[in-house]
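Given next, in structure tokens, is a single chain: the form predicted alone.
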């Protein structure tokens, strides 16, 4: 059990520390939105280069849960779909691979918006 928890904590924690350092050391030019886009893009690029897969094997959920894991899943889905369907798979494969996560985010975002009253 701890052989899975500790690597996940270390990998996920390192990814989060990198994001926090990016925001703290580049204020005010690097906003949380920049970190979001950078991590998703970085995960996709590292996935396409084959560098994110070893991180997934070591860190498990610590690498798949953060935004970089989402980018990796997008790139991996697109590459697998290109192998099966050709160039058209590049447009649909990423969305197919991450559809459950996207649907969950939309559903729970909607649920929270109707459950809680925002401070005005």
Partner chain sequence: MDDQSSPKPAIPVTPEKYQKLTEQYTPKPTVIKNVVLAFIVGGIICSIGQIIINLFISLGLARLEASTAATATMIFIGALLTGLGIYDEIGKFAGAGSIVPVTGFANSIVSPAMEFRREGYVMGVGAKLFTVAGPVLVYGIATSIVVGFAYYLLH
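Note that the structure is predicted; figures quoted are calculated from it, not measured. Positions refer to the first chain, counted from 1.
FYI, the form predicted together with its partner chain isn't displayed, but the following is about it.
In the model of the complex, its partner chain sits within 4.5 Å of a heavy atom belonging to residue 40. Contact between residue 50 and its partner chain in the model of the complex is not found at the 4.5 Å heavy atom cutoff. Under a 4.5 angstroms non-hydrogen atom cutoff, its partner chain in the model of the complex lacks residue 54 among its neighbouring residues. Residues 10, 12, 13, 14, 15, 16, 17, 19, 20, 21, 23, 24, 25, 32, 33, 35, 36, 37 of 10 to 37 are found to place at least one heavy atom within 4.5 Å of its partner chain in the model of the complex.
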